[in-house]
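Single chain ahead, by itself, as structure tokens, in the form predicted alone.
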């Protein structure tokens, strides 16, 4: 397995689209690193550059310190699993898993050993004699992953491999992929726009925005400490609430206020230069608590079993709250905004203040 280094990577297409911009990233050997971001942010282009399917316009890609930017995909020894499983429909699962090794002229005995070992690992040994159209979508995707495993690559690359599966199967495959990565101790680079996949599977999370690395780190660190409005709004099952407000100093600390809301919180030196300035205050739906002194009208309730998402309104302010045990017939509720869960962002740059 390999450590991947990307240094000042750029990809500019002939139509002048700058898909990846001055990208620097270290992917540690044996880690599960996920590239996440909205459609068109450059994550698949970056993955294809790691694979050698796209040549970078400038910059370097290194595997274990050796530059591979000019090497072909075969020379890089990477395996890639796509959104579509790309199995040959006229070949059995065994034949699909073996074909890459056959092209390398690996001895038949070694091919058989590797295919059957990978199939056992993926729990598809009983499917090796079947054709792709005779098995389920999840089983076909396991076959595609098995084809990647038998090559014993330096790096495993995944381009939204679960996006075509139903919700229940997708949840199961998330656990299986994570367990597989730990078993193989492989370097996995995974692309998705699904935040649940990104948060639940990754050792490291890389958030991309218009080809730029917006923030990278441990998933919960990014969730708790987003560096920008973009990251704060992108990560999470329900988008963070953003509220324009003005900061004022009082004897009790600071107040963030507008025409519809006033929230008191302890003094912060980071906000000193924003006194009297409009900033963006953020708070996640699960952090707004029932109680407090501020009354909101409940506009709608979305029940999800143990939890509910409420849309609440006060004047011109519309917010989303995650709550439990709220009756649909409730029309007005009071809410509190705990200071420890508040985020503040620069209104102009979108960058986090603290």
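These numbers come from a predicted model, not from an experiment. Numbering follows the first chain given and starts at 1.
As for the form predicted in complex with a small molecule, it is not shown, yet the points below apply to it.
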{"item": "Residue 40: touches the small molecule in the predicted complex, heavy atom cutoff 4.5 angstroms", "value": "yes"}
{"item": "Partner proximity in the predicted complex: residue 17 to the small molecule, non-hydrogen atom cutoff 4.5 Å", "value": "yes"}
{"item": "Distance check, residue 56 to the small molecule in the predicted complex, heavy atom within 4.5 Å", "value": "no"}
{"item": "Stretch in contact, per heavy atom within 4.5 angstroms of the small molecule in the predicted complex, of 315 to 323, 22 to 30, 281 to 289, 41 to 49", "value": "41 to 49"}
